[in-house]
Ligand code: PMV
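Below you will find one chain, with nothing else, as structure tokens; this is the form predicted alone, and questions on how it binds or moves follow later.
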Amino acid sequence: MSRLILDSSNPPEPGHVLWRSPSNIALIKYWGKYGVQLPKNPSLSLTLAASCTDTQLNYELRKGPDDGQIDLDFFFHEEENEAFRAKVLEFLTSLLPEMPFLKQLKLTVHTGNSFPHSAGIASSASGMSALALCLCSLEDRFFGTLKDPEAFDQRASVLARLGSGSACRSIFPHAALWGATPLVPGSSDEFAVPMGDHIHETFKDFHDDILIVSQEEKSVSSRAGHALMEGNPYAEPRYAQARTRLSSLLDAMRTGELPEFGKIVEDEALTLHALMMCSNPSYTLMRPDSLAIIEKVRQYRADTGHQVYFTLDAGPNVHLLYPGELVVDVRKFIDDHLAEHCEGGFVQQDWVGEGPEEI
């Protein structure tokens, strides 16, 4: 990849690229990894719409001698953020062997979320996918290597994965699968693949209302949680279970079988948190309000027959998944019975979306 070097005798004019990329919610969970951000089992997610990150990457040719370092300024909601800058700088530096042109540029990142950063929504997925898409636009602008849309998306998914595993799934509309499986030709541990053409139309009109039980920083990070899977006695059975559930979930999503879909998705969420409780040391990220919401959702479903299901990421906040036709009833249920369990009554209303867009 050494050809990706700018010709200093014909430098590019200063410019920028700007991408908006969404978060996603995993249905089959990714929990446990190997190598460089590679998954121990395949995962399947829905791509969201409203929970997104806008990232603008400004560039100009760098002045002065090449010191082998990346020159980066970083602004989060127009304020300097050294912690985020350090993470992005580490990510960009790791890409230098294949994208050496990055050290030839003065880079400035302006980024921000459509949702509170501390709200427990997967900001690393939206943030790193947006940045990866900016990098691919830069590469294609300078070198013309990514004219084919499929090649562009696959390259963006690979780069996003290196920044944050789940970010590789945010590149695609509606739904995405990450991880090699014989169930999906072309699937890979290196990148995600789009699944929108393989799911029933009802899932393209799904809502995901995110009940923010707590905005506090998690006591155990996702990175640490993945590492603890190494010594978890249930790790190998879990990976086998995930593969079996993936097969059943893909069938349910092809046919639109909502009760089967919901059972698998809820079981996956509870399995994820059970794995945390079985780690050494063990830890618990769910809160009493998380459990109260789960019990109320189960009762609401029993009372009304409405196909409303819950899932959780690695945190206390509860995602309510349901078909768009139920939005009026479900949001009244949330306002009347569930918002009291949310910090400040905060609920992030979201739905399945069309994927990233260049702005």
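Keep in mind that this is a model prediction, so the values were computed, not measured. When you see a residue number, it is the position in the sequence shown, counting from 1.
Quick note: we don't show the form predicted in complex with the named molecule, though the next part is all about it.
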If contact means any heavy atom within 4.5 Å, which of 93-101, 76-84, 132-140, 164-172 contacts the named molecule in the predicted bound form?
164-172
Of Tyr300, Tyr30, Tyr59, Tyr309, the only residue with a heavy atom within 4.5 Å of the named molecule in the predicted bound form is Tyr30
Since exactly one of Val158, Met195, Leu105, Leu272 fits, which has a heavy atom within 4.5 Å of the named molecule in the predicted bound form?
Leu272
All of Ser124, Ser222 and His226 with a heavy atom within 4.5 Å of the named molecule in the predicted bound form
yes
Counting only non-hydrogen atoms and a 4.5 angstroms cut-off, does Ala314 reach the named molecule in the predicted bound form?
yes
Could you confirm whether Leu48 comes within 4.5 Å of the named molecule in the predicted bound form, counting heavy atoms only?
no
May I ask you to state whether Ala26 is within 4.5 Å of the named molecule in the predicted bound form, using heavy atom distances?
yes
